[in-house]
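Below sits a lone chain in structure tokens, taken as the form predicted on its own.
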């Protein structure tokens, strides 16, 4: 992708605070994140002609609250990876000339539930008919099924699974905004309360309030913003199944693998080109699935790869450097925060900056391995 025909992230920011915010509604979090991102890009709301966000509260309500009448609207809502898909769709819209400057927003009162939409499976839906009656509903019960099959087939130990949380806490300790910063050990993880076997409390994501937003525009404007441009080198998206029971293989995510292949091919990169990695970590096994799906390690090797220190500070593949959904924040839909950290690392302004990364890859999960989005972000066009 050349700088003449490419697309960049020109603005990126989160809400002023994340964590427990009972005084702010879901919509207010969208608005605060949006205003911060627009300011980060050195723009005003008058410059925005496209908007994207998930279905609730939705792009129409967010645009109206901001005083925008956009030329282009995207309300794609496929779980926590939606924001990666919004970036992909924004790239296509800018290339097609449908919009010039697109604002992608996220806000979620995941913990305080102020203005939040209840999450439930409709009784007439496939999950409502064929999974919920048997007690399989929501992340803590559905995600156990593939994790247990993976452990049985590939010998992943409880200690290796626990070390995912340990490694990410090491990154969180360097991040003043992280919800949990105190160091933990494998023994601490295994001693924490069992939530749903095999997941202990410290292997499950946080539940927080917060938000963030991105400003996406054409790369031929890259010199006109106060922050370094982050080039969108490649994107991918896939869906597999709305029901965990219908995964083709419980031990891998086809959506992760195929979305990654698309994004890597578009960017013209291989795993050896990647300096920094963000993998959605609603639960401790998801980074394991992501590492294998993207091709960084062979099938069955990711647990040992993480436990050997390869992804923690000082390791050869920095992973989830903000602390991730396990220690930084997780509002319910985490993808926006993974993108934000990828942008910060490429700009050189992350709390736990890894040096001078040229390429960051972000992998998002939607639902329980239902959907996936992948972004390849770079400091320079390719």
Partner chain sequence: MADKAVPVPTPETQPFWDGCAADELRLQRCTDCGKPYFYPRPVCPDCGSRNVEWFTASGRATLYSYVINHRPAPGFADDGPYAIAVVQLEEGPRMMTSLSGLPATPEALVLDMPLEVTFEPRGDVSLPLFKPSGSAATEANR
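All values derive from a computational prediction rather than experimental measurement. Positions refer to the first chain, counted from 1.
Just so you know, the form predicted together with its partner chain exists too; it's not on screen, but the next bit is about it.
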item: Per-stretch contact check against its partner chain in the predicted complex, the hit in 179-187, 103-111, 269-277, 133-141 (non-hydrogen atom, 4.5 angstroms); value: 133-141
item: Site check 170, 175 and 344: each within 4.5 Å of its partner chain in the predicted complex by heavy atom; value: no
item: Sole residue of 221, 152, 298, 95 within 4.5 Å of its partner chain in the predicted complex, by heavy atom; value: 152
item: Contacting member of 73, 116, 247, 258, with respect to its partner chain in the predicted complex [4.5 Å, heavy atom]; value: 247
item: Contact flag, residue 157 vs its partner chain in the predicted complex, heavy atom cut 4.5 Å; value: no
item: Its partner chain contact in the predicted complex: residue 307, any heavy atom under 4.5 Å; value: no
item: Exercise: residue 126 in contact with its partner chain in the predicted complex, heavy atom 4.5 Å; value: yes
item: Exercise: residue 194 in contact with its partner chain in the predicted complex, heavy atom 4.5 Å; value: yes
item: Residues in 56-75 with any heavy atom within 4.5 Å of its partner chain in the predicted complex; value: none
